[in-house]
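What follows is a single chain, given as structure tokens, in the form predicted on its own.
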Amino acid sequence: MMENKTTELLTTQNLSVGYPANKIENVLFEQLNLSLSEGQLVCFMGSNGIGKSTLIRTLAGLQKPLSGKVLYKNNPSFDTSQKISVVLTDRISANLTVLELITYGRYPYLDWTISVQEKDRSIIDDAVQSVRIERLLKKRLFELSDGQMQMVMIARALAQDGEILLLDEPTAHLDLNNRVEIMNLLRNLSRSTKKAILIATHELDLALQTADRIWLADRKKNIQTGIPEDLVLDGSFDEIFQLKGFDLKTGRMHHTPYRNTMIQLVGSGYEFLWTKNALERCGFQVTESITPMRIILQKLGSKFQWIVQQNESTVQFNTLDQVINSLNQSIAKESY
């Protein structure tokens, strides 16, 4: 069987990153040997203030490395403005229309006349269509919501047409729907355009479900790399984030039972998981073994039904809210 290899577009060679402070180098990362490959979405994660933005800016050529090299296809000398597109966290306040801002993405390719050619317009149109913002083109930037502004910035980066796209916290301050939309958009773009896309993000749940690879920054000035599942299973995420009360391996909050009631839960599917979540959140201990109290999940068409059996009584409920209220009333009676 032939191995499916991808082309490495951006690599680092013994790269050290940081900034000078009072004539002393403040080193954030050192001796990094990383790579970004075509068609891959990579999420860059780590604690607040660890240096993710500084590394993004260094890879983009906006900040000089302390030592080492950034290479494009093994070449240390390349035009970053044509090879690398960047979306930073800085909000642009210029009095521009959306179309004017996106057009700025073509400036690295224009001659001294600064005139946009038909090819440039075609690339701009493709970028606009990729992020589906045709309706926003005539709006001024100050009229945009945060989510719309992020979409426009991604379109500008796509219009720049670099093979490498670097984004610093593109989902910060957005609601869940916009965060999911942007992460899905970037994942699909990496597939359809074969770009190498790197996102610095705190969206742990979304990164685990969308990224091809993870860069995980630790406190030892190093970056661990791997596919999300490996870094979960080997404990790397737990070690770095030290998650409190959240079990990353199951993707669930840890609930400490505060009732002495064991409940046997019988069922399957996502309704089973959400019922278990509701019971554990309310302090009950859930098991699949036989107990005096049993809850059976039953699906009737598109609706669910919960059958609660205790001693010799059987009661049916149409919502989990009713189930929880009934259990609370039963426990209250037993306490008298």
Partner chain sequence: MDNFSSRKAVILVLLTVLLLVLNLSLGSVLIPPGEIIKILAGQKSEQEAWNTIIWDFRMTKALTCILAGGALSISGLQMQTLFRNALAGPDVLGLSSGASLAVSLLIMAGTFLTPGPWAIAIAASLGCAGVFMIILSISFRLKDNVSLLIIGLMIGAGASSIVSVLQYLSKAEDLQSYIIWTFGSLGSLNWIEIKILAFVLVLGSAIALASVKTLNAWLLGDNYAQSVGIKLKKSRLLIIISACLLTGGVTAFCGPIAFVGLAVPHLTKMIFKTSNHKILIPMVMISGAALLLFCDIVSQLPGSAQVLPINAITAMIGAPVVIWVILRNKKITV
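Just so we're clear, the structure is a prediction, and the values are computed from it rather than from any experiment. Positions refer to the first chain, counted from 1.
The form predicted in complex with the partner chain exists for this protein as well; it is not shown, and the discussion that follows is about that form.
Undergrad: Answer for Leu62 alone: is it within 4.5 Å of the partner chain in the predicted complex, judged on heavy atom distances?
TA: The answer is yes: Leu62 has a heavy atom within 4.5 Å of the partner chain.
Undergrad: At 4.5 Å between heavy atoms, is Arg132 in contact with the partner chain in the predicted complex?
TA: Looking in the predicted complex, residue contacts with the partner chain do not include Arg132, since no heavy atom lies within 4.5 Å.
Undergrad: When the contact criterion is heavy atoms within 4.5 Å, does Arg156 count as touching the partner chain in the predicted complex?
TA: The answer is yes: Arg156 has a heavy atom within 4.5 Å of the partner chain.
Undergrad: How about Leu110 - does it come within 4.5 Å of the partner chain in the predicted complex, if we only consider non-hydrogen atoms?
TA: Contact check for Leu110: yes, within 4.5 Å of the partner chain in the predicted complex.
Undergrad: Okay, which stretch from 228-236, 169-177, 112-120, 202-210 lines the partner chain in the predicted complex, with non-hydrogen atoms inside 4.5 Å?
TA: The contacting stretch is 112-120.
Undergrad: Answer with one of Asn74, Ser93, Gln242, Ser77: the residue that has a non-hydrogen atom within 4.5 Å of the partner chain in the predicted complex.
TA: Only one option qualifies, and that one is Ser93.
Undergrad: Looking at Leu216, Ile197, Val87, Ile182 here, can you tell me which has any non-hydrogen atom within 4.5 angstroms of the partner chain in the predicted complex?
TA: So the residue touching the partner chain in the predicted complex, by this definition, is Val87.
Undergrad: Quick one: which residues from 190-229 get a non-hydrogen atom within 4.5 Å of the partner chain in the predicted complex?
TA: Residues within 4.5 Å: none.
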